[in-house]
Ligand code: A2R
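Next up is one chain by itself, shown in structure tokens, the form predicted on its own.
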């Protein structure tokens, strides 16, 4: 039986990835988390791991000897990267380098998927939309710069040490149980709080003109597993819907699901120092190489995310 290791599985994506593997693959699963985090899943091995401690990674990999490694551990909030750039650099660059170095020391070559971001492309010119994997990277924020660096390091380790590594540039993925530091979860939580009388009928927003590419997290983790099975070593793959939507349109969808009259107010605290106008994925490469297709529509994801917050 193949063994999958998910590094950083306590976050939003990790839970869905565990569920997808258990439902669709005959793999045993080992997952890591930080000591203060909780993972409530059955039939998996759960380990504490700090990726800023190289010795811990070495020890875990030698003991577990996984066939597949999903590297999910990251500081993944753009907003938080502006507030705490040092921590973002430590986790996303130093932590990823520690993981790559530990894998390099093994006496066999596991298959590795490094999770990056569509934010890496940064300021995309109109003629470059939708953006493909060969496009020039112009990161527009600190989180994006760290993920671009992770991608470059992964490519170097693949070429220099013949490691079986693929990278993903995942565009905005959304769904129930996502933290409200991300835009769709934030809007849904605020609307649910208004409906339940915990917040005045006013929703506070940032830049509504930005266009982003949103995909249901369940489709995203399906893409990750297909890449493990069928992806080409050394390649980088976009994972997204292939269609950018204005944040204003997302907000309108959420507001239309509520019977409450809600006022919209721009909150300066939610505005970023730099915001890229449009990020839209060209997804032809992953569809060609793996047969992946998006199955869950945006309206369904928004409806289910709002219902999740209504029940919290």
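Just so you know, these numbers come straight off a predicted model, no measurement behind them. Positions refer to the first chain, counted from 1.
The discussion below concerns the form predicted in complex with this ligand, not included here.
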query: Contact test, all of 10, 14 and 173, partner this ligand in the predicted complex, heavy atom 4.5 Å; finding: yes
query: Listed residue that, although this ligand is not shown, lies within 4.5 Å of it in the predicted complex (heavy atoms), from 188, 165, 115, 203; finding: 115
query: In the predicted complex, the residue from 46, 34, 287, 271 that sits within 4.5 Å of this ligand by heavy atoms; finding: 34
query: Candidate stretches 68-76, 126-134, 102-110, 204-212 - the one whose heavy atoms come within 4.5 Å of this ligand in the predicted complex; finding: 68-76
query: This ligand contact in the predicted complex: residue 51, any heavy atom under 4.5 Å; finding: yes
query: Contact label in the predicted complex: residue 225 to this ligand, heavy atom within 4.5 Å; finding: no
query: Contact label in the predicted complex: residue 143 to this ligand, heavy atom within 4.5 Å; finding: yes
query: Residue 91 within 4.5 Å of this ligand in the predicted complex, heavy atoms; finding: yes
